[in-house]
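What follows is a single chain, given as C-alpha cells, in the form predicted alone.
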C-alpha cells in the first residue's frame, strides 16, 4: 500500500482541488491518500537564528515535526498551491525551508519521491508549476512532467484531470 500525501498550501480553492484529487485516489485500493493544509499548522517564519535556537533546545516546534513526519512517511506527494506574484507561495517556501532544516539530510522529505505539482490560481499557474518543479527536482523529488492547473476562468477538463491522475497513479505503483 502506497502512502500518498496531498499538500494544500491554502484552505481555499487549492484545498478544494486537493479534495477532488483525493476522491480520485479513494477509489484505488492500493493507495492510502491523505490531505494536509499548511494553514492548519503554526509554522514560524524560517530564520537561521530561530533554527539555531530550536537546535540548541534539541527540539523543533511540534507543528514543524508534524509536517516533517507527514512528508517522511509518504511514498509520493501531490502539491496544490496558488501562484503568488508569478512564483511559489510564501507558505510553501517556508515549509520547504523548515523541512529541509529539520531532517537529518536536507532532502529526506523529498528524495526519490514522486511528486505531482498542481495549482488553483487567479493567474495561469504555470510560473508556479515551472518554478516549484525546479525546486522539487533540486530537493531530489521525481516530478511528473504534467500538471493540473485550475484558474478562475478555466477548470481542467474531466478527461485531462483524470488522465494526469491516472498517469501519476501508474508511476507510483
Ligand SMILES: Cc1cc2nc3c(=O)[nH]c(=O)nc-3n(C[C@H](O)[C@H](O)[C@H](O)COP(=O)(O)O)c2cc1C
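Positions refer to the first chain, counted from 1. None of the values given here were measured: they were computed from a predicted structure.
This protein has a second form, the form predicted in complex with the ligand, left out of what is shown; the following refers to that one.
- Interface residue among 140, 61, 131, 123 relative to the ligand in the predicted complex, by the heavy atom within 4.5 Å criterion: 123.
- Using a 4.5 Å cutoff between non-hydrogen atoms, residue 85 counts as a contact of the ligand in the predicted complex.
- Although the partner is absent from this view, residue 18 stays clear of the ligand in the predicted complex, with no non-hydrogen atom inside 4.5 angstroms.
- By the criterion of a heavy atom within 4.5 Å, residue 152 is counted among the residues contacting the ligand in the predicted complex.
- Residues of 1-33 placing a heavy atom within 4.5 Å of the ligand in the predicted complex, in sequence order: 10, 12, 13, 14.
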